[in-house]
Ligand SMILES: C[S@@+](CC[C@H](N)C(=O)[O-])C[C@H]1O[C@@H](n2cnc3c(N)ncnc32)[C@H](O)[C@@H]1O
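Shown next as structure tokens: one chain only, the form predicted alone.
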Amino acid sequence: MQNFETETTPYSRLSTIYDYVMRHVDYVHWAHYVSSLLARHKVKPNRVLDLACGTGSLAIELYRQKFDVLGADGCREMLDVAIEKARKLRYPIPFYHRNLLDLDDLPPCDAVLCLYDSINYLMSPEKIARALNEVHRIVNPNGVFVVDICTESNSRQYFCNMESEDSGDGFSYRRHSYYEKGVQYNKFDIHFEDTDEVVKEVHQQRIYSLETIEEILDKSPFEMVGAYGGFGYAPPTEFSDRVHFVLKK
């Protein structure tokens, strides 16, 4: 019998099982794709910053590709997992506790990344504009910002009243995903067996139209030099489930 329930902020407890929940994500492929975008736009970065780096999986793969990489995330618990993973691998990747709206004191970089639809967690165009200004401050001249978004097509295909459950070593969870009025919701109920605790987390992402994002980018200090549907090199369409943008300073 479950003893008690706890409601927590997004990722604060999911962090402990995040890598299990997201084990289907091919970070190796994503790192190679990012590398190809940098080469496509003739950027040879001395330093790469992975914003909203989560548990550090992408940063670790970029390090394996010989990039001088560092990571930053606004969730302390996710960052702690990233730090421990890099420590066990003996990878000297610096990690910083920073959110997308406050990048003070981060070192300047030749390439900044913000992937896996992390920008969708900013729930208004004004916040995205603020984040773009923050990133612009730390990108070196002629450097780039690579950012992706989750699209409405993605939300309707994969997050339209979907329910799933799974279990791992010492935990089980239920996930309910749905899309409503332009917002994608992911509700997690996580049961930790050792404490018999049920943790509830609700994640929300604003899903923006391509037109809205392009308007925000046009008003930003960056120049948009590339927009690609999915993990390819063709321009995005309304059927793309993910769009990568390459912005140049």
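It should be emphasised that the depicted structure is a prediction, and the values quoted were computed from it without experimental measurement. Residue positions are given as counts along the sequence shown, with the first one as 1.
Form predicted in complex with the named molecule: not shown, discussed below.
Of the residues given (52, 38, 199, 213), 52 alone sits with a heavy atom within 4.5 Å of the named molecule in the predicted bound form.
Contact with the named molecule in the predicted bound form, defined as a heavy atom within 4.5 Å, holds for exactly one of 150, 81, 139, 122, namely 122. Look at 86-94, 153-161, 69-77, 139-147: in the predicted bound form, residues with non-hydrogen atoms within 4.5 angstroms of the named molecule sit in 69-77.
Three-residue candidate spot 27, 99 and 118; every residue lies within 4.5 angstroms of the named molecule in the predicted bound form by at least one non-hydrogen atom. The named molecule is not shown here, and in the predicted bound form it never comes within 4.5 Å of any heavy atom of residue 228. Proximity of residue 18 to the named molecule in the predicted bound form falls within the 4.5 Å heavy atom cutoff.
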